[in-house]
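Listed next as structure tokens: two forms of one protein chain, kept apart as structure 1 and structure 2.
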Structure 1
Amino acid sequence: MSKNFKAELVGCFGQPVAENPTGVMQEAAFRAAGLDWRYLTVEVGPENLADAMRGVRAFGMRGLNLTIPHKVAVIDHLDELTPAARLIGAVNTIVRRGDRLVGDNTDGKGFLRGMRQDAGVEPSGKRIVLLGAGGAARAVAAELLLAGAADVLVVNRRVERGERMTADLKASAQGPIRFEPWVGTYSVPKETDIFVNATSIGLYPDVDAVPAVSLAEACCLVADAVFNPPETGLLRMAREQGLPTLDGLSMLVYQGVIGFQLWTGQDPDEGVMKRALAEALEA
């Protein structure tokens, strides 16, 4: 009777990446499903991305996650994009289809699932302020527009980047999206229904950093895409003001669930993934 000692490989490329706990969550799900798969968390600088992607092909890796700063740059190294990734203009998940590497984006879908399932908020018809114009911001904005948001206001310090993202999504998603420069301390308008930080401000190890925003007039759900720490300075500030919050763990878990399904063709145990992630960040 022959035995198979070959593990299937997936992983994450980014810089910095050492504090990213996705591998803990995915490997717990693999074990629970009885799959001999491994998740490699690999530090890859921008100058080495092309070589690293050749390695993905050479090793026959089944899939990959991309984080800062590779979500847009990796597109040049792929064979195909899904409609979602093409719409967003950024990739966070790669799936091997035969010899082809297909770029997808599960960030926005994971964020919306968390909003609906964990915060109990439906984005349709809502007025949203979105901080940031990077890969995560693009994904979240695109999915909010597709979900029927009434207004998406993008606020960003780098005007050119914010205007470019807004113009791209207005053309591709054809939804109500606009841009406003972020100058000084941004006051979240009182008519806002959902405020989202889609920047990396507050991400470990810079845990004391808080976006320069004022929630004084706000009466809205405050969501943060930063997952480490789970309660960021922004969320703590919102909670102290009595506002409902949604942390970045929600987005991370649900985009991971979608990635697991794409790679393996199976549904993971979501409870196992949530517990593994929570334990990893509490340790």
Structure 2
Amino acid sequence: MSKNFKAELVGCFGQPVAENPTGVMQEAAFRAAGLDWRYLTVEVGPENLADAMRGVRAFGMRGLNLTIPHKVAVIDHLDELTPAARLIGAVNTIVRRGDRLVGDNTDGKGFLRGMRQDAGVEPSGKRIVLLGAGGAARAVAAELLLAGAADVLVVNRRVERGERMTADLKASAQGPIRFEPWVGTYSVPKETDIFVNATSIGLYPDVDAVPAVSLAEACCLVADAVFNPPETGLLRMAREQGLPTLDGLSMLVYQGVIGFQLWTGQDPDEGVMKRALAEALEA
């Protein structure tokens, strides 16, 4: 019987990247599926991205994740974008199809899957307030519009960034999206169904930071994109007010689940991925 000692390679490029836990959950899922695949977490600076992407082609890597600061810059090194990546204007996942590298974006899809599976909430027809206008917010907003949300209200500190994101998505997704500047403490309106923090407020090491928002009027699902720590100050505040919550681990796990499916063509054991991630972040 012939033997095969060659592993298939995927990975992640970013800077900083050392605290990114995605590799732990992907490798746990590869092992559970009996696949001889490796996930390489590699520190790549902006000046080395072009060479690193030539390396991806030279090594025949099956796919890749991108994190800060490469999600937009990597587009120049790809052969094709999926409609979602084009809409969002950023790539977090690459899939190799033959010799072609195809850029996709699974952040928003991961968030929506978590909302459906873990919180039991269907975004179609819902009124959403989305705090933030960075990469994560763009991905979440684009998928909410594609899923048929009734209203996406973007609230952001920097007006120009919030207006640009809203105008871009209104033109490309043709959905009900609008913008309000974030001034002082933002009171989440009572008709809101879902409130999402897609800013980096509360992210380690600044774990005591909480976005200046009031949930006093609200009776909505409160979701946070921040996954480190999983229980952010915002989610604690929401829980103390009796509101349902959805943490950033859910978004991270499901974007990983979708990545695994795109790369291997198989369904991973989601429980294995969740446990591996939770253990990696606790350790």
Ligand code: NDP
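Please note that residue numbering is based on structure 1, beginning with 1 at the start of its sequence. Just so we're clear, the structure is a prediction, and the values are computed from it rather than from any experiment. Note that the rigid core is defined as the largest set of C-alphas that superpose within 1.5 Å between two forms.
*Asks:* Between the two chains shown, which is the form predicted together with this ligand?
*Replies:* Structure 2, which is the form predicted together with this ligand, differs in this respect from structure 1.
*Asks:* Determine, after fitting the two forms on their core, whether residue 44 shows a C-alpha shift of 2 Å or more between structure 1 and structure 2.
*Replies:* Superposed on the core, residue 44 moves its C-alpha 2 Å or more between structure 1 and structure 2.
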